[in-house]
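Next up is one chain by itself, shown in structure tokens, the form predicted alone.
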């Protein structure tokens, strides 16, 4: 389930350009991943498609209501529609067509209608592509902090009690945005603030420093697919810990 914190941020960002810009920056990986799903290729900061998606995300903020359900699926739909309109106007070819684009110009039949009798393989491939896009984006961002995906695997907790301690520290950081802002500004793990605020021993956090840095990046940005996988993994551990 989507946390209420993002909904609160969306409502706070309505009519507040600074708050909206901050929300867009934090969810840029999510925006890129959703753009990749429609375009079918990796997206760079210079691509027009990314600008269109960011504008659409902002429009989603302004038009969102709790009655529309969770925010991120709603924003994803708004971005997809905006990108489809963009491609229609520019008459460009997408590497991966949206299933709601007409099969042929001037015809009403859409890809979603032609796929009704097929299996869910398309959705599986789409999710796989979006996951790959998020992983590539996360890998690039981790490099800025001197971390690799292998570092995370090697540095992750091996015992349930240690994992729970790291989750407590993460929960404290998410409750106090100033800690995450300090982390992003210095690119160093704020050990003192995390240890004192969460009650977790500093040496525990030091031993798993790179793992904790990766978690802070993942849970303070829009890596929705990766976050979902992490939550599932943690929930399956003994005790049903929350990510």
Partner chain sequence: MTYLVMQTEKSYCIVLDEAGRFKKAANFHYEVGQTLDEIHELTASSPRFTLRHLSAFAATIAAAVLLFFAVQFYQGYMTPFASVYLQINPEVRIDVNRNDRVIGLEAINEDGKDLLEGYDAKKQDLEVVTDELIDLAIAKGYLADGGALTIRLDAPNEEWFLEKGITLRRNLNEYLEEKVSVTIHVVEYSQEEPYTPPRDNPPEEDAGDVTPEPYPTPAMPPDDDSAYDDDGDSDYESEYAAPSESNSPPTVYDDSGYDDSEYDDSGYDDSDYDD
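Predicted model only: the values in this text are computed from it and were never measured. Numbering follows the first chain given and starts at 1.
There is also a form predicted together with its partner chain; it is not shown, and the following applies to it.
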Non-hydrogen atom contact residue 149 with its partner chain in the model of the complex at 4.5 angstroms | yes
Decide whether residue 52 counts as a contact residue for its partner chain in the model of the complex under a heavy atom distance cut-off of 4.5 Å.
-> yes
Counting only non-hydrogen atoms and a 4.5 angstroms cut-off, does residue 172 reach its partner chain in the model of the complex?
-> no
Could you tell me if residue 28 has a non-hydrogen atom within 4.5 Å of its partner chain in the model of the complex?
-> yes
Answer key, its partner chain contact in the model of the complex at 4.5 Å (heavy atoms) among 207, 37, 58, 184: the residue is 58
Would its partner chain in the model of the complex be within 4.5 angstroms of a non-hydrogen atom of every residue among 47, 63 and 153?
-> yes
Stretch 132-152: residues contacting its partner chain in the model of the complex, 4.5 Å heavy atom cut-off = 132, 135, 136, 138, 149, 150, 152
Out of closer and farther, which fits the Cα atoms of residue 29 and residue 153 in the model of the complex compared with this form, where the change is 3 Å or more?
-> farther
Indicate closer or farther: the Cα atoms of residue 216 and residue 46, in the model of the complex, relative to the displayed form, with a change of 3 Å or more.
-> farther
